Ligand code: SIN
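In the block that follows, a single chain appears as structure tokens, in the form predicted on its own.
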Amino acid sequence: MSEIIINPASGSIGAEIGGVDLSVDLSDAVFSEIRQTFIEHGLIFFRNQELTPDDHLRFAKRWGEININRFFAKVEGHEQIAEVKKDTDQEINIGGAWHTDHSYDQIPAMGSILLARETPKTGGDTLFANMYRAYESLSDGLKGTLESMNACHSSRHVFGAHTGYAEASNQRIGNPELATQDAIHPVIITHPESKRKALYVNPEFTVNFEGWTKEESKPLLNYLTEHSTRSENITRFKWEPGSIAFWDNRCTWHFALNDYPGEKRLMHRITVEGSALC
């Protein structure tokens, strides 16, 4: 195997790793270097990976237990792999708003490993936001306020039966009766591995601050979204078949751009279980 090459993806967050073939069983030394890069950067990318679903799963299982998503369609024969697909006649996409995966769970997912199978000729990039930097660039006064607060997260208003998400996604999203998750997490968390502080709310799943009404919470949540998605906090990833993005849900948000009308986009996603946040 050639030497691993690590290049920052931007001035904000993420690193692209070259010189690695994920279709083979990685040595402990190589995996350790990849893991350290993931912890340091919060987001890693790979290019030109020719993986079978079993290869994809083998790599994911090196990181922890696999989370089987309640709502996403599954890859045939591989229930641990979610199919993230937009058909040519479909208007909305999956993930087309700023969010972090599974924040509505009591123990949120650690990370998600997304593999591009088919990509549009143009468009379909994913944006990522740095929640370490979002926290660090707040004023000391607002940091102090937020560090004493918790926030309520829910799946109900996104995946529930009343939302119409299943119909709009060509049934790529389903099981609305399972959208019963509510969780309370600290607004500011300490990452369990990097030990850095990060902002942990997101526009998609955070509904209010604990002890506040939704109406009272909305202005501050809107401010935190605007603050967190400033250009200096953002990395943009252009997909090609065989590209992989692996993001840390504890310190990033992501947003799948829906700018490829009439074209197909097919991705396979494996989500890795996490640990309680504090």
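Numbering starts at 1 and follows the sequence shown. Just so you know, these numbers come straight off a predicted model, no measurement behind them.
The same protein also has a form predicted in complex with the ligand, omitted here; what follows describes it.
In the model of the complex, W247 approaches the ligand with a heavy atom inside 4.5 Å. Proximity of V20 to the ligand in the model of the complex falls outside the 4.5 Å heavy atom cutoff.
Shown alone here, H99 lies within 4.5 Å of the ligand in the model of the complex, counting heavy atoms only. Contact annotation for I81: none of its heavy atoms lies within 4.5 Å of the ligand in the model of the complex.
For the candidate spot formed by I94, L114 and T126, every residue has a non-hydrogen atom within 4.5 angstroms of the ligand in the model of the complex. Heavy atoms within 4.5 Å of the ligand in the model of the complex map, among the stretches 27-35, 44-52, 58-66, 248-256, onto 248-256 alone. Contacts between 258-272 and the ligand, taken as any heavy atom within 4.5 Å in the model of the complex, involve R265, M267, R269.
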